[in-house]
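This text opens with one protein chain seen in two forms, each one given by itself as structure tokens under the names structure 1 and structure 2.
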Structure 1
Amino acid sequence: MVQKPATRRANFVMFIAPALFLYALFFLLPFGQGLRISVTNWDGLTPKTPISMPKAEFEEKILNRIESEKDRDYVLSIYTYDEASGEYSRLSIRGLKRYRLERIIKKVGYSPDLYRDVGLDNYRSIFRGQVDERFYPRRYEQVNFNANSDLPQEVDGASYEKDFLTKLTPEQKDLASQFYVKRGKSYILAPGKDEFNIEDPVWMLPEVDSGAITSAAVDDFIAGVKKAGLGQNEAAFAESKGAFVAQGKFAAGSLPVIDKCAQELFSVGKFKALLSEKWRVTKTDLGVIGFTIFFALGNVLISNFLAFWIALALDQKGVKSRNVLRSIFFMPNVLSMVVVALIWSFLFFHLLPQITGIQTWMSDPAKAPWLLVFVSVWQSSGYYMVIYLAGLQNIPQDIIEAAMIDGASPRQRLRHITLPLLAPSFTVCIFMSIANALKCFDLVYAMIGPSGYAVGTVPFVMDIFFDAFARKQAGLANAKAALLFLTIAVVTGLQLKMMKKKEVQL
């Protein structure tokens, strides 16, 4: 038009430059640096250039290898030699000074042990399944009883019946029934089979009580007999018992007591071995990858469904409290994630058990993932609701009225008018919910933290966080981050492409 191309270009640059510059500087540059770190073995703490180094080492590895005089002077202007400690050291340096120093030191071929280029090793180990097993979905065997521990006084009835008793032969069942008796929802250990009670008479023996026989000897005897019992190893049993009795300081009356205790412990061992071997359940651990997918899917589906449904309801004519309700549904967005996590943790611990009588919630691997999805949906659905509501209000009233005159039922109107016209809202909401769910960190971190590994609720970003800071593998963390980014970009990219195509067709 009136403007010359040069002016237009200048305007283009002037308008875009501030945002683009800041964005590139504070977002793209650090992201690029992250990629750079992903091909190193950095531990997250080692400085690229040494803070202090013994004189000889410093001269040999760095100083004597610098070719340019100017560079050497520069290095010596930063590092000072301290006679007392015999070390070269430097204070904190920043900005361009630091970059220059790093460049010089890199040129001489020095790199700290824990800040070295390792090429694509980090990526390779992720794809080859070599990083921690908790990262990948896996099957594992849950062992409900450790044979080396004493039999518990009480066991959970449901699991004991389902996962143990049903697997037994009739004789084994017979054996089991001598040990555990059903009471209410639990099974209780028969007092005569309680190892503490069985051992008690030996501890009460006058020889032991007076200290003539050391407690270490008693411990050895009991441990030996128990161990022999687990394998029903008669020879080992005789040996343990023999060694104890051979201490030779026992009165005649004590020997039957020892014998009885040993026999009983030995026989208990048979059941303990059985319990440990059979009371196992094969379980699935979603791992970091699995949980992230579960969390994202749950979030996208539930929050969008709920948000859409609430929007639809609020859009009905005759809902008088619409504005108030709208504000309320959006309200959780106003709170920070840390606050949200804190409130819900408190409620899950204090309130849910009181209402339901069920004690475990966030610590139950079967419930925790759902609770996390629930809280996340609670927080985010209001936001999506607003988008759907806006989309609904953009639908021209005359189209709906025309459909009503044509005799379309509410269901038909929803299916053939509302849904197609709402397609752009769906596209945006689903895009945002996928990206946000895959990026989720704060909420789960504040609600579960590192215990997530025990419950199986560690999202991808949290795993990255622990890699970088708890496990000191910043390089690997950055490699995982790059892969996560790629995944989100591909998934949302595909989603946008597919849904935009649909939108056009409609």
Structure 2
Amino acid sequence: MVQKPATRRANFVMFIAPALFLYALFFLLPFGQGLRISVTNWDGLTPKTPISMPKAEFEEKILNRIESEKDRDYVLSIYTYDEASGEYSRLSIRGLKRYRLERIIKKVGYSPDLYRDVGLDNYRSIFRGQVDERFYPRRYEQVNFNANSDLPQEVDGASYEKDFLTKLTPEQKDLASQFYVKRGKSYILAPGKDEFNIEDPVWMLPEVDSGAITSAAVDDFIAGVKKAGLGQNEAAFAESKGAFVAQGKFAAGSLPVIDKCAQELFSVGKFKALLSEKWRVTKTDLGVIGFTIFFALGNVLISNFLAFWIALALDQKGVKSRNVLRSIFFMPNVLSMVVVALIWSFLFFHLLPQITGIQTWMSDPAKAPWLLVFVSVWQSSGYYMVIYLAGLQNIPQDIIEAAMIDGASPRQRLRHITLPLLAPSFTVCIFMSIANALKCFDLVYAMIGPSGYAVGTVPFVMDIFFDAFARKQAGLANAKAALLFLTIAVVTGLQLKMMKKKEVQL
């Protein structure tokens, strides 16, 4: 039976209407609310309508400004006056009642201090570099030693030589050689230069042991000499030593001990100041933006390259147990990303340090970004492999056989037949890998957490999470989320357009 056009249209509307309704309810509405919040300074907690207000303030700022008697009665039905506290308190409301109250409160021009419209200020702050400096790629100077700290017993030989000794004059190198001696791949502090060993003879003096000289006096003497040593202040050094000696009648054998201790501590201070000044390294912090780009590029390039070659290898008929191997390669994708993170965290923090002797893995800014890319590729490559396998198995065998009869080599068949006919698979895999990498959150949060800022491994989504829930900047977080959505839409849109165009050309 042929349906009338009106009937067909009605059926189509009945079929598509529920989907459109759900789309509007669960995407368009939250998305619109996010955009609305992004132009405010909302802290994520303060409600749009006050929960309670003093009577005079409530009447002045809200009640007396309502022009409609109907709106005024509605507000008074929501807020009740408590004579004991002298405040108006709001009842718990939700849904349409809450939206109506918000509309009335906004109409009279009232808004809480932490929920005010700021226009595009959040977006301007992001583009002008006015948010947390860790959001942007930057160069910074890492100080490897703090002058107020004790000298470490052992230092890394490679960094000590490259970043410290090479910057010293011959005289300064002579001073450094008195403190650290090379042993294997490390430099060890000379026993005579340990501050505890230097100070100990003063604490063992008979005058201190008998109580003639108080512990506080010894502490002041040592602290004064150390401070003078750091600043190489001869006058302050002489003053601290003289003040200590003047506090009591020391035996003749005690004075040389005091003098030696003071001279040694003064020398240590000089070396500490030199170590703090010279042992610095200029490093690059990828920041949130830089790491997100690095993570996305690494995932897209490595995971697709690896997945393609695994699929190509497992598509060969001569490979034994290829179905078992396909299952093994796909297995990591079955695991939850949090489980994957916990497994690899155990390996990086406990197992690998014991096996390799290298103690820092995820806590090393030079290694952590690469390790996160590695884990993500390990987990996702199996999924893309299945898509490439499906594409390979859809290539007509008669084309391959014809090319073989014509004498085409395996490389020529790969270049001129396999790769062009796999263009749809490449389109899908690259699209999914870009979107997934830019939205990455659970893997990095489970493996690194908030300490990711210290090693430069915080992706965009995790930074948005910390803005919203840790820094109480929900407005800024929504602005970043809107920019991320726009970035993903533009990047994936351009990628789809270019790849689809390539498919048509092929």
Partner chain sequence: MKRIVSLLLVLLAFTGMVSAQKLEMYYYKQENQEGLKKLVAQFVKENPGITIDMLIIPNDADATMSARAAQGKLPDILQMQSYSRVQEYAEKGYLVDLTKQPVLGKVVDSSKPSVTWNNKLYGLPMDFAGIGIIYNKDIFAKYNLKVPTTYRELDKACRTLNEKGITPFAGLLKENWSMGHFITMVHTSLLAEKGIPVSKFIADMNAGKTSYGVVDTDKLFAVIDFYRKNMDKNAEEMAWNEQVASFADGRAAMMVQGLWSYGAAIGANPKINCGFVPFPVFNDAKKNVFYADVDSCFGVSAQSSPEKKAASLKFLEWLATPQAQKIWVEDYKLTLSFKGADVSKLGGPFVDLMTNVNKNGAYPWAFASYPTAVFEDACKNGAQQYVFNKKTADEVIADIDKQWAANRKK
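All residue numbers here follow the sequence of structure 1, with the first residue given the number 1. Each form is matched to the other, and the largest set of C-alpha atoms that superpose within 1.5 Å is called the rigid core. Computed from a predicted model, the values in this text were never measured in an experiment.
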Which depiction, structure 1 or structure 2, is to be taken as the form predicted together with the partner chain?
1
Is the shift of Gly253 between structure 1 and structure 2 large enough to count as movement, that is, does its C-alpha move by 2 Å or more after the core is superposed?
yes
Core-aligned, is the CA shift for Gln393 between structure 1 and structure 2 2 angstroms or more?
no
Which angle, in degrees, describes the smaller rigid part turning against the larger between structure 1 and structure 2?
12
After superposing on the rigid core, the Cα of Ser215 moves between structure 1 and structure 2 by an amount in angstrom of 4.8
